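Here we start with a single chain on its own, the form predicted on its own, put down as structure tokens.
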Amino acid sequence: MENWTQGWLVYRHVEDVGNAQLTRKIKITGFDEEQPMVRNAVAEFRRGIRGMLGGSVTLVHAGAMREGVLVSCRQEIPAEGYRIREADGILQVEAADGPGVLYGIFHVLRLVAMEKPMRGIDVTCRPDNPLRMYNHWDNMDGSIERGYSGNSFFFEDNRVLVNRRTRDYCRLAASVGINGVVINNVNVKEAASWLITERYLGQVKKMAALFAEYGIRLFLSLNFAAPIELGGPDSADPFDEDVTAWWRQKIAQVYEAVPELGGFLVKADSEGRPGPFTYGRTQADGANMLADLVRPYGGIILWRCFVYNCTQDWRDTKTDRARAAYDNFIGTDGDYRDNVILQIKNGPMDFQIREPVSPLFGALQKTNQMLEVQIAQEYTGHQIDVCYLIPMFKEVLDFNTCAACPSRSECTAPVTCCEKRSTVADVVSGRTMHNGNAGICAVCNTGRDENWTGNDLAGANFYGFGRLAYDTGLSAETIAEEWIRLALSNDRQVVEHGKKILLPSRETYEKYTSPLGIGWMVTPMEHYGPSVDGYEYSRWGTYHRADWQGIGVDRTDRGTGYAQQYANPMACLYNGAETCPEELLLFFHHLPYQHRLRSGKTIIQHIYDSHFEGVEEVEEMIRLWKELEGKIEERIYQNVSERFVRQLENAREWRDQVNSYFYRKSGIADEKGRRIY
């Protein structure tokens, strides 16, 4: 018996709005019915229709149909795309390949589940990003780094698991258009070394074959120092011939066993991990050595740009972690092979609730780039606190990098007036590169908990990332409504209350945690709950620089110079306290507590007010949720209710600790006379 849910593929009974007659038969033309992706699409269709509308679905092998679903091959449709159109009772799903068929069928099931009539429909969909990936931080012993929903379902006791839950995971991923998955933790040398050994390759092959049935390429995290760790040369120097020979033999062994493998994800020269810098080489030297070796197998190297000095002296006010990715990679732009993709975090720090977009996007003009975001909620509530992250990802994708502007270095015009916009979405879609190696990935939030994501509402991020990666034009509200209807209910009150809870939840979390872009004030290493000075005097280089006079980090041309890593006019915008977007004000500027914001409030009063507001908004979320009792599945209702109890306690703790800290630091009382100490 399965001890896990089906997430948004639950296929509960829905009202028939005229779709039943269109979905009682299905016929395949132009595709081999036994091709795995086509076979899985038909099986999914039958499963979904049976659950939602009742009755069976007939697979028609020959002859004409008067009504039903006709899946046909149309080579002019882009790869992994599809067209759905209805005419005279025939619902046509047209695609050029297996993934297109699979995605098209999932789209039909989504419409049925949302009670959307399909008579007269005509929609064409194609993926906006070539690679759309989940990155898992699962360890071989079954633990998950930053895992907030139970142990791994990929690994247990140093064994690889391939079972029914693996297939259900593939179904969930494919239903939102995910086409690549990294299964092992890039941060731990054991997890990033062992899977390329003979002991595990047989099971990795089984998993890769199952993934392929759903249009998903399996990738492995790779330890750059694997030659040393696995008994090879005592060096990892990419210019050492013995090292290159070791890697050539190892990669040949891996691809012989797992020909479906997409490639490798590498974290090097970061947080104590060795890399090319260890041997006086560039990041491009290290990435290219591996890229040349995987090229004959069609492999890709995903190279993380999370490289920074993690042994910083807190007294050093010029060394700035925010500068690190740009400083370490901009000098090698154009040096990378075309099967290397630089994987760049959305912000320059580390998945904070509010950061500026990384200046590497747009600055790199000749290098493939992939956007890395995090849905695991490491710094955003641990899948206890509700924090719907799709609005944040939309902001990042819509950010104008000014990369297409020929006069970007001299431009002083307002950002919005630039006629040659080049957004992050343009960059990572591959539209600005020639070979199309680009995409978007998310550090994932799934585990062995019954509901996959700990808090059922965290499933909105798991679902939403995939939908946004495939179609960056979708709004955060559209995605939220889809998920609510699929995973919770089509009931009007459930949909409306669900959106009222999800859509503002990121700003709510921001209000009761970190003011005006400052970030980080979390319990060290755990990253949940308040500790205002937790990282302030540590080696990690993450400071709010609060003293008795003011708060914030000076990243202007008078400070660390980070703002100048952006093209104009963004550099000018961020450099001035009067022009800087206020949600990022303290990220870029050290200002007095009495500095007045555009609202007329002082910074210190904004800190006090926002923390009280955040708690009040959590209380309103709870009120809305309580009104849904009896309208959604009891298990889900109780799960989220229990998480809300913990979130409210957390929000109050943040409010009281942060407000008390800054009152004691500044000596300035709350204008509204509330108790803040």
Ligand code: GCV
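Start at 1 with the first residue shown and count on from there. The model shown is predicted, which means the values in this text are computed figures rather than measured ones.
Beyond the structure shown, there is the form predicted together with this ligand, which is absent from this document and is the topic of what follows.
All three of 354, 514 and 617 touching this ligand in the model of the complex at 4.5 Å, heavy atom to heavy atom?
-> Looking in the model of the complex, the three residues 354, 514 and 617 all stay beyond 4.5 Å of this ligand (heavy atoms).
Considering only heavy atoms, tell me if residue 187 and this ligand come within 4.5 Å of each other in the model of the complex.
-> Contact check for residue 187: yes, within 4.5 Å of this ligand in the model of the complex.
Going by a heavy atom distance of 4.5 Å, is residue 361 a contact of this ligand in the model of the complex?
-> No, no contact at 4.5 Å.
Any of the heavy atoms of residue 601 lying within 4.5 Å of this ligand in the model of the complex?
-> Outside the cut-off, so no.
Would residue 350 show up as a contact with this ligand in the model of the complex if we use heavy atoms at 4.5 Å?
-> Looking in the model of the complex, residue contacts with this ligand include residue 350, since a heavy atom lies within 4.5 Å.
Could you check which residue among 510, 320, 456, 378 gets a heavy atom within 4.5 Å of this ligand in the model of the complex?
-> By the 4.5 Å criterion, the partner-contacting residue is 378.
Can you pick the one in 277, 593, 106, 306 that has a heavy atom within 4.5 Å of this ligand in the model of the complex?
-> Selected option: 306.
Okay, which stretch from 447 to 455, 292 to 300, 267 to 275, 584 to 592 lines this ligand in the model of the complex, with non-hydrogen atoms inside 4.5 Å?
-> Of the stretches listed, the one contacting the partner is 267 to 275.
This ligand in the model of the complex - contacting residues of 506 to 539, heavy atom within 4.5 Å | Read in sequence order, the lone residue that approaches this ligand (within 4.5 Å, in the model of the complex) is 527.
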